[in-house]
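Just the one chain here, the form predicted alone, laid out as C-alpha cells.
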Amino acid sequence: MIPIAVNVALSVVGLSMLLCAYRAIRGPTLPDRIVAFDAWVSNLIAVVVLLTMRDRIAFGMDLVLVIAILGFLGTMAVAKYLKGGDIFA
C-alpha cells in the first residue's frame, strides 16, 4: 500500500512542479517568478524525500539538506539583488 501512495504523491508533486515551472517562466513580475522558484525547490525536496522512501536511498536526506540550502541561498541572493544592492557586498 505504501508504494502505491508514494507513486500517487510523486504524480501530484510532479504536476505541482510543472505548474510552478510555468509560473516561473510566464510570471508577470519578478517577485512572482522568485516565489514560483522557491515553491519549485520545495517540491523538488518533496520528490527527493519520496524517492528516498520508495527506493530506500541511503544518502537521500543528505541530498535534501543540500538542495534546501542552495534554494535558500538562491532566494536570498535574488532578494538582495532586488533590494538594489550588490549580491556579494
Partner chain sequence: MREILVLTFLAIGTFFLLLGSWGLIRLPDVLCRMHATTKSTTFGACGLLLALALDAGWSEAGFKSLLAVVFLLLTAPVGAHMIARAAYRGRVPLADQTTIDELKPVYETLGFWTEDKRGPGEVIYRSEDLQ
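Only a predicted model underlies this, so the values are computations on that prediction, with no experimental measurement involved. Numbering follows the first chain given and starts at 1.
If you look for the form predicted together with the partner chain, you will not find it shown, but the lines that follow are about it.
Contact check for D55: every heavy atom lies farther than 4.5 Å from the partner chain in the predicted complex. Proximity of I69 to the partner chain in the predicted complex falls within the 4.5 Å heavy atom cutoff.
Contact annotation: I25 falls outside 4.5 Å of the partner chain in the predicted complex, judged by heavy atom distances. Using a 4.5 Å cut-off on any heavy atom, the residues of 12-27 that reach the partner chain in the predicted complex are, in sequence order, V12, V13, L15, S16, L19, C20, Y22, R23, R26.
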